[in-house]
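The form predicted alone is given below as one chain in structure tokens.
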Amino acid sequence: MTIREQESVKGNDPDRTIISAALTGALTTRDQCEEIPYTPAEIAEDAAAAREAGAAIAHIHARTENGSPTFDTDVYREIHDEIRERTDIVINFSTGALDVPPEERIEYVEEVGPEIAALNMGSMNYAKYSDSRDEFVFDMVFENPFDEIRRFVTAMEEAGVRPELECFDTGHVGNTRPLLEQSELTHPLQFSLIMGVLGGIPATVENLAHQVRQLPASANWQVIGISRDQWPLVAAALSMGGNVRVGLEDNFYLPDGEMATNAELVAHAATLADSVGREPATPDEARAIMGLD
């Protein structure tokens, strides 16, 4: 059976895969990986390099110059403008955070107007456990109640921004149902299936297939594998007709254990795509596949 004939393709393009580059993250630091960009210019340079390596989308958390997360509208605007001076890549802003009021996490989306913004689709335990240290590195509750989800959906709709539905477990996929029934969300939907966070669905190919089966037939979807679980999931998703996200937010390493740059992670994903007969979509091709205006 060819990729085109598989039901798992859903609304994706069987011949082209959309590669997203998650450039920064909110929790990663240069103490962990010196290649993580902080300033708007650094983020824009990484976005341009990722585009040249095969990425169609840049997913962005803004940082201060010392690396702390920031939700300042002026910083997001500067990032947006710096990227646009360099490349045509699709810009995707994060809205996820712990203990930050919703109004602070939606203002920069409304004011700056990226083409896409992430929308977390449910609450969960959010933790990291170290087997070598036999202890939790962090242990938090990631709260995303329906009233906040609906508030973000409405704001994105009014701003002309496509929600990227970030789902850390099967229940988060199901949380789209009432929003569709009330016409708050409309097709086509764009799902990100995040796998490997402690508190969410484990990162296995079997679980990926299960997640994809829950999606609407017209859905665009990508997999986001955390840490070194990323590469088996990327390979599986590409074979299933899916899109993929890589980048230093999620994983620092190539499969051989070498620490990489954002562009090097994207280049390896593009090589994997080629190995299953698919091409990385350009930004304009990605816009067409996702139905972005």
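Values in this document were obtained by computation on a predicted structure and should not be read as measured data. Don't overthink the numbering: it's just position in the shown sequence, from 1.
One more form of this protein exists, namely the form predicted together with another copy of the chain; it is left out here, but the text below deals with it.
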Is residue 166 close to another copy of the chain in the model of the complex, meaning a heavy atom pair under 4.5 Å apart or at it? no
Contact test in the model of the complex: residue 290 vs another copy of the chain, heavy atoms, 4.5 Å: no
At the 4.5 Å heavy atom threshold, is residue 149 in contact with another copy of the chain in the model of the complex? yes
Spell out, yes or no, whether the shortest heavy atom distance between residue 144 and another copy of the chain in the model of the complex is within 4.5 Å. yes
Name the stretch, out of 81 to 89, 94 to 102, 186 to 194, 117 to 125, where some heavy atom lies within 4.5 Å of another copy of the chain in the model of the complex. 117 to 125
Heavy atom within 4.5 Å of another copy of the chain in the model of the complex: which of 153, 219, 205, 159? 205
Kindly confirm or deny that 33, 41 and 112 each have some heavy atom within 4.5 angstroms of another copy of the chain in the model of the complex. no
Though the partner is not shown here, which residues of 220 to 234 have a heavy atom within 4.5 Å of another copy of the chain in the model of the complex? 229, 231, 232, 233
